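One chain comes next, on its own, written out as structure tokens in the form predicted alone.
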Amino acid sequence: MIFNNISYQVKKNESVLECLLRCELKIDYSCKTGNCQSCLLKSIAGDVDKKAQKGLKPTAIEQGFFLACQQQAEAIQKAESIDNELIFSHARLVNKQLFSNDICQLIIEPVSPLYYHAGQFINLKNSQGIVRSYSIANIPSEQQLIELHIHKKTNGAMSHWLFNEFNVGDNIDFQGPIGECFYTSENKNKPMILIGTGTGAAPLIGIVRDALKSGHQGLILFYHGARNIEGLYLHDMLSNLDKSHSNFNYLPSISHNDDLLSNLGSNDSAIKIVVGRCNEIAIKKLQPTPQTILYLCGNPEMVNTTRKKAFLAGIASKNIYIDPFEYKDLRKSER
């Protein structure tokens, strides 16, 4: 395979990305599952697999763009990098605040108007060339601002950079919007179930905001799970939505018992927090109809396991929308 006019020996059954990484090339990538689209390359000669173009815009497909992590290297004779200016735009950080010790909110302003759906995600690329995907938590507004929720991961190069070095007024490159996990008005009267762990609540709160603003009539159940109380970083916001909208129910849970549990759920008017995994709690209470819409966001294992159980319980596969938060290399050291 020739890449950027240099020939590389490929191995059987390896992807283009695997080949280039094995040859120690510096290539943008993140999830390795074909979701984030950060490993886009352009085919000059060869047979591009359909799965390597899944989710790409028609204009990108026409230009021969493909996902390097999904493309068999043996089928590509010649490929090249894509000019960053074709796939990345620019934005400025206008606000930054902490939700908790390890979760912060970023508000960025694109230099050019951006059309997106709440719940989609964008790829951020910092000055060091690190690329990561983050979901959009707000609905489109006249201010053209984008809200992101960042979880600081142990040994997370990008999240630590965003927490410690990315300051108000700084610029950053981004790619997107990407993804099909968002609200559509055609589902206005259908019951919706949303299940998210950690900052998997970010795309889900965007979807809920969009649904409520659109006058959603069906019942909305929002299950948010975290390891401890601090992880329920949208508790006040979601509690207020529960109180102000009769068709919205917020159901928080923590997977580990916590001394603060009684403080947050002690009075009769407070939203009760239970101990358990949010997806398991949701599946036990599941009473799907043929119209039920399910959104799953957060930990990949939770998302994939729950999708299978929900399908077996009667939710149509076409009505299940997912956004698994895949992390690059799954962090080789323990968290």
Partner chain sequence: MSESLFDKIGGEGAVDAAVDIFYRKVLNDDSIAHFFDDTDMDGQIAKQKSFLTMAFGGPNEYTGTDMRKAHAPLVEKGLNESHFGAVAGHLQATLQELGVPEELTNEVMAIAGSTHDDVLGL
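It should be emphasised that the depicted structure is a prediction, and the values quoted were computed from it without experimental measurement. Numbering follows the first chain given and starts at 1.
Below: the form predicted together with its partner chain, not depicted.
S.K.: Is N304 part of the interface with its partner chain in the predicted complex - any heavy atom within 4.5 Å?
M.R.: Although its partner chain is absent here, N304 would touch it in the predicted complex, with heavy atoms inside 4.5 Å.
S.K.: Might C19 be said to contact its partner chain in the predicted complex, defining contact as any heavy atom within 4.5 Å?
M.R.: Judged by the heavy-atom cut-off of 4.5 Å, C19 is well away from its partner chain in the predicted complex.
S.K.: Consider K42 of the chain shown here, and say whether it contacts its partner chain in the predicted complex, taking contact as heavy atoms within 4.5 Å.
M.R.: No, K42 stays farther than 4.5 Å from its partner chain in the predicted complex.
S.K.: Answer for A316 alone: is it within 4.5 Å of its partner chain in the predicted complex, judged on heavy atom distances?
M.R.: It does: once its partner chain is placed as it appears in the predicted complex, A316 has a heavy atom within 4.5 Å of it.
S.K.: Among K26, K285, K57, K308, which has at least one heavy atom within 4.5 Å of its partner chain in the predicted complex?
M.R.: Answer to the contact question: K308.
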